[in-house]
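For reference, the chain that follows is the form predicted alone, supplied as structure tokens.
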């Protein structure tokens, strides 16, 4: 479907799309009553919902629905306004990917979405937060959360003789984040899996309000510290677009360089986690050695093992000399080669393959219905990569080649992670060779404006909406990370498989619980 055809189906003037290109955002104001029809059209078109942005504006609320389209096409953003006491038509029945986004807004802003199948007790757990406490509203006070909360009672989904509900979490040994899985079973197989997250809601978006842009960027990095650079890149690009800031070409290439190095290290960690979940001690140790080697390379050249503090509005906080970039790329390639050698041995281990193949299945129809992103979506035949579809930084000139699979099982996800790690290793020397001369720091002069930024994080598409005040401080920050999208469908991969498969399925998704607690 072409852009004029899509606009015509949305009952908009096709001329509105004239001149729109990849990287631009085409805003379409709509009355709230037309949202369900628009969702119906967009659900049938090759589009993906990045999230929903809610802004409080005096006594009204503005809702933005950003969709990213195919390669060469702009972003499409539906924009509507409602009053504080009005209900919003839910688009979840027609576009199920919006389900969790609407539930989150209902919890944090108090907006009601009519015809939504299930609202309440989502981000703000009833046993901690009282009703009528909406922390993202401008008039929220800490005292509003002091009222007596309601007790939490897990919902049993399976009602039969011998059925029982097994809770896993939210407290674990080791370094796991807080999250709970409620597993309904009649025997060894999981019949229903309920995913309950948001145990450590930090209010990052609320805390960012009133912060200087650079300070808010440091906060974004801490949403998920293991993928700090990718999420901060989405946020800083939103700030720069709002301020109409020109980023130096050298900084653009280096941003892609650091993003690929982070992707390589993140995928290596996911592969190590899969080895650990199958109780293979030696491969686990070897895989984590590769992760540690990459962390040390980052620490030696960027000043931080997880690349904290490297991005700055307008460019980078520090440059990377040409020779150092080439040295770093060569060293990272050597680590990636050792990871590939380990993977080759794993893929010839029948006992390892048996634990992954045809387990944790997500089919293409489900992947599309939930709008899955990143390696999890691509392993189920749902292709899409922001580096290609909406190129940013230096990706238009280095042409990444994302991996893909069709099977949608644990093994398919592993193969995609391995292929994408190898692709990042291929891109690093190409980017190092393309480094232009000049500065890596541009001039960032803020203004009162708003914009959308995005990046392809290791786990998938990460989007960020930023509204700046005239003094350069944040009026609204909205983070839309890939884990929020992919956790939505995780329960389907776990259901109808044995208990002993659960940790392997969990590891194969490569998701962070911390991204939910923002």
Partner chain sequence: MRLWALRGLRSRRDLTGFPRRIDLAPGMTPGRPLDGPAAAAAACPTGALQVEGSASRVALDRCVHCQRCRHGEHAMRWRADIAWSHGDGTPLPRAFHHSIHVRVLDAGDCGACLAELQQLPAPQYSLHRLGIFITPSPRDADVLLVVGPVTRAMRQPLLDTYAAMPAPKRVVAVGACAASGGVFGPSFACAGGVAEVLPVDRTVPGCPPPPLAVLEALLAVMGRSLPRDGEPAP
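Just so it is clear, the structure is predicted and the values come from calculations on it, not from any experiment. Numbering follows the first chain given and starts at 1.
What comes next is about the form predicted in complex with its partner chain, which does not appear here.
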Worksheet item: Contact between residue 170 and its partner chain in the predicted complex at 4.5 Å, heavy atoms?
Response: yes
Discussion item. Please determine whether residue 188 contacts its partner chain in the predicted complex, using a 4.5 Å cut-off between heavy atoms.
Written reply: no
Worksheet item: Wondering, does residue 300 line up within 4.5 Å of its partner chain in the predicted complex on heavy atoms?
Response: yes
Fill in: Contact of residue 285 with its partner chain in the predicted complex (heavy atom, 4.5 Å)
yes
Worksheet item: in the predicted complex, does each residue in the set 125, 202 and 351 place a non-hydrogen atom within 4.5 angstroms of its partner chain?
Response: yes
Worksheet entry | Partner-contacting position among 346, 388, 359, 422 - heavy atom within 4.5 Å of its partner chain in the predicted complex | 346
Worksheet item: Among 342, 403, 182, 331, which has any heavy atom within 4.5 Å of its partner chain in the predicted complex?
Response: 342
Item to complete: Please determine, with the chain shown alone, which of 84-92, 243-251, 369-377, 219-227 has non-hydrogen atoms within 4.5 Å of its partner chain in the predicted complex.
Response: 219-227
Worksheet item: Can you name the residues of 169-190 that have a heavy atom within 4.5 Å of its partner chain in the predicted complex?
Response: 170, 171, 172, 173, 174, 175, 176, 177, 178
